[in-house]
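Read the single chain below, which is given as structure tokens and is the form predicted on its own.
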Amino acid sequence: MNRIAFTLNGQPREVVDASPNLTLLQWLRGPAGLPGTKEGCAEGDCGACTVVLVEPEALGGPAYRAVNACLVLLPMVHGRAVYTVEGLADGDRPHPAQAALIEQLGSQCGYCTPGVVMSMFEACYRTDLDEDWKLDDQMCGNLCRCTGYRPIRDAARQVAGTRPADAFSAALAEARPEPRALSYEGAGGRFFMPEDWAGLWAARAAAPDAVLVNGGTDVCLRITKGFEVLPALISLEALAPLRALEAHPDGSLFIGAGVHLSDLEAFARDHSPAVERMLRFFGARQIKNRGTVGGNLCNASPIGDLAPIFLALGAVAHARGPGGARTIPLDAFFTAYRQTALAPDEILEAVSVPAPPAGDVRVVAYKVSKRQELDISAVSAGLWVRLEDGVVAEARFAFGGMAATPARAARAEALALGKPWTEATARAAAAGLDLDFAPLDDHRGSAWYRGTVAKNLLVGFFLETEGGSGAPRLPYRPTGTVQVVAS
């Protein structure tokens, strides 16, 4: 099929002549003639370009998902339904999200407003906004340069979870997965989106140098910020096996590489609080709605936030190629800076987390960054111990931002093994980090800073769990610096 077919604001659209490197944002503001969606940063930080996709395969059923249009390539919406700010009003009657923003005086210069409205639109139809932090998380990816945050938050709270009985609710109830297989060529570029393994291997044979992409939150930056032209791309997002998300009776987990981070976060709430904890401040809602488990791991960044907690949990990577499948312990998966143990013809299919052993197991994930939200880690950690009669029987201490790859701290682990789990033991193990790592100095932190933070996290791990809380959830800390409490 050499055409990109989707629905836009409820109407079918087809594109046959666009470059596969064209972003959805560029197409909307250009050929589509819909300039309501704004361009701010072109890297997923400001939220001005937020639009909404229908995700029929979302965890819990079909859902509206706010995404950054600047980080979605146009062919990626093939077989999807897309909504922009122009498609929300019912004639002269604004959508409840638009009406709430007007009533609460949440629009000042107005540049951010379309993106704010679209994030509120997703919130309007969510069924899981049951904790205060989720509203912060819903809106944190929308930057308001006029500092209109309080009225924006008030408007979001007004509509969040209301799920009006309107045409959008009806459309969501009727949403079903559509065929998405695509082999497209336009403006000198090629884009493949296979739906099964055979299609994937055929696409890789046809374009062996093609760049693999799934959510696009990283690869698209090569286009929007690096100004690269990628002649061939293969999207993995239509491969159903990559969306597997299973909790087994023994407590083990099987997490497909194509699982979106927002789905993993919701799933982890019940099945892995430490993973949920790391995902809380992983990125904006729009980023988590597109970013995937496999993308974060295969990027192999030393500051990729999922790797440390998966390393601490003893996870295993499942690789698949034309010759079959194999497993790789995650602590052997990262081989060098931005390199993995995957063969050139393999992809990451899934990550499995073993069942937690019986007894006293304690595990926590930490992320340290200069901002609470929408920031890259300076240091991250996944810390895990199993105790027998108060003595450390097993330890896995994994860190990001401390070396060329995410890595376990073998010497620190050895210093803890066989010792009573006390603050003194934690401090002795922390001292071993100087032997495990030689952090670099860069703009996110000096070597001294990183080393000191890592040691403090290990001691903090003991202090946070010494009361017997094996996997504590994060408390709610409001984004605002001032809170007004009603008397």
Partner chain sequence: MSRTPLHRPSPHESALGHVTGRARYVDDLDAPPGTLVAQVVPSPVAHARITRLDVTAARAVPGVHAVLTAADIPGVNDIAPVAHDEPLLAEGEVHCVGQAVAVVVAESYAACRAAAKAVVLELEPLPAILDLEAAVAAGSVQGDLHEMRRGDVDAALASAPVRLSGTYRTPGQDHFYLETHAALALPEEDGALFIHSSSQHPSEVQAKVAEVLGLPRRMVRVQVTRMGGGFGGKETQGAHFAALAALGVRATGRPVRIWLNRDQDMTQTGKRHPFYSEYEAGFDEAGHILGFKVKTWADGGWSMDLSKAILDRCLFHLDNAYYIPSLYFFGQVARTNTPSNTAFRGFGGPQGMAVVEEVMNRAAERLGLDPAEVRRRNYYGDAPRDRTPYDQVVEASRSARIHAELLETSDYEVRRAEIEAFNASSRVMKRGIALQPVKFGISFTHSVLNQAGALVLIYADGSVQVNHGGTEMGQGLHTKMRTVAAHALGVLPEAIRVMATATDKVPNTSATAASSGADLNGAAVKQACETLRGRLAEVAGTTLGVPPAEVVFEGGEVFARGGAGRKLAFGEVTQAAYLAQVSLSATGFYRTPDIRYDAKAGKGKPFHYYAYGAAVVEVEVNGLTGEHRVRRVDILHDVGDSLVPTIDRGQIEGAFIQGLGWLTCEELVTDAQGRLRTHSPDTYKIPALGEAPPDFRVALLTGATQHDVVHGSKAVGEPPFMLALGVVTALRHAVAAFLPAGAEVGLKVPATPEAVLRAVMGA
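Just so we're clear, the structure is a prediction, and the values are computed from it rather than from any experiment. Numbering follows the first chain given and starts at 1.
Just so you know, the form predicted together with its partner chain exists too; it's not on screen, but the next bit is about it.
Exercise for review: Find the only residue in L457, A32, L433, L53 having a heavy atom within 4.5 Å of its partner chain in the model of the complex.
Suggested key: Residue within 4.5 Å of the partner: L457.
Check your understanding: Of T405, S369, S352, Q158, which one comes within 4.5 Å of its partner chain in the model of the complex, counting heavy atoms only?
Key -> When its partner chain is considered in the model of the complex, the option within 4.5 Å is S369.
Review point. Would P478 count as touching its partner chain in the model of the complex under a 4.5 Å heavy atom rule?
Key: Looking in the model of the complex, residue contacts with its partner chain include P478, since a heavy atom lies within 4.5 Å.
Review point. Is F227 close enough to its partner chain in the model of the complex to count, meaning some heavy atom within 4.5 Å?
Key: Yes, contact at 4.5 Å.
Exercise for review: Please run the contact check for P273 against its partner chain in the model of the complex: heavy atoms, 4.5 angstroms, yes or no?
Suggested key: Outside the cut-off, so no.
Check your understanding: Would A89 sit within 4.5 Å of its partner chain in the model of the complex, counting heavy atoms only?
Key -> Judged by the heavy-atom cut-off of 4.5 Å, A89 is in contact with its partner chain in the model of the complex.
Exercise for review: Run the contact test on D130, D166 and A358 with a 4.5 Å heavy atom cut-off to its partner chain in the model of the complex and return yes or no.
Suggested key: Negative, none of the three is within 4.5 Å.
Review point. Heavy atoms within 4.5 Å of its partner chain in the model of the complex: which stretch among 241-249, 338-346, 100-108, 315-323?
Key: Residues of 100-108 come within 4.5 Å of the partner.
Review point. So which bits of 124-140 sit within 4.5 Å of its partner chain in the model of the complex, heavy atoms only?
Key: Residues within 4.5 Å: D136, M139, C140.
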